[in-house]
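Single chain ahead, by itself, as structure tokens, in the form predicted alone.
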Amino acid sequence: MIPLAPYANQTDFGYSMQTTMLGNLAEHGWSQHNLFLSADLVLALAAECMAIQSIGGLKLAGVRHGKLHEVTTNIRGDQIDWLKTGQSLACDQYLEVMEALRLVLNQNLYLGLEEYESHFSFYAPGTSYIKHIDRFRDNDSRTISAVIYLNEDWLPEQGGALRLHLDGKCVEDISPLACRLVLFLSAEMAHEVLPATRNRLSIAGWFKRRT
């Protein structure tokens, strides 16, 4: 059962987190933050994702968009469901946090971000997403990509890392541990999702500017 009581307010990120986040994005193009969300909120979001999966509500994700959209599981194997305002208390709390983050990014980096969209992302064992970037060739609205992980007690040997390709010279593997946030520049940071040995849950999202 997803708790019905409100979760603790998490829209004040604190000076230290903001400084680290903004500095890393500006200098390196990506930033990682552990314990970004509370454990109880992450637990509720994970439970909601699995409840949707259990009734067949998650759909295989595709690549490209518009008329070129297609499902190609050898490229991308996750199943998704887009988050909507009002679908649950947990989702509303999460979207409130990300709206506050949008304002912080705009106030400090002058990105002109106007909206945030996101979906649950479920990778069954053995599935993956090959190297890609998040911005479409014919639509440059996606500006900052954001991933929140929902996996309790994740061990490195279980795989499932987000692999960031940094300047084409080296890689950074980030384990999908619960409460962890990763931000990166949508148009510049090539990345991939490595296969795991257990179910891998996350919320993938994008801060978008007007095009």
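Predicted model only: the values in this text are computed from it and were never measured. Position 1 is the first residue in the sequence shown; the rest follow in order.
If you look for the form predicted together with a small molecule, you will not find it shown, but the lines that follow are about it.
Enquirer: Which among 49-57, 33-41, 165-173, 145-153 is in contact with the small molecule in the model of the complex, heavy atoms within 4.5 angstroms?
Expert: Stretch 145-153 is the one.
Enquirer: Under a 4.5 angstroms heavy atom criterion, identify the one residue in Glu96, Asp140, Asp134, Glu114 near the small molecule in the model of the complex.
Expert: Contact with the small molecule in the model of the complex is made by Asp134 alone.
Enquirer: Closest heavy atom of Arg76 to the small molecule in the model of the complex, within 4.5 Å or not?
Expert: Residue-level check for Arg76: yes, a contact with the small molecule.
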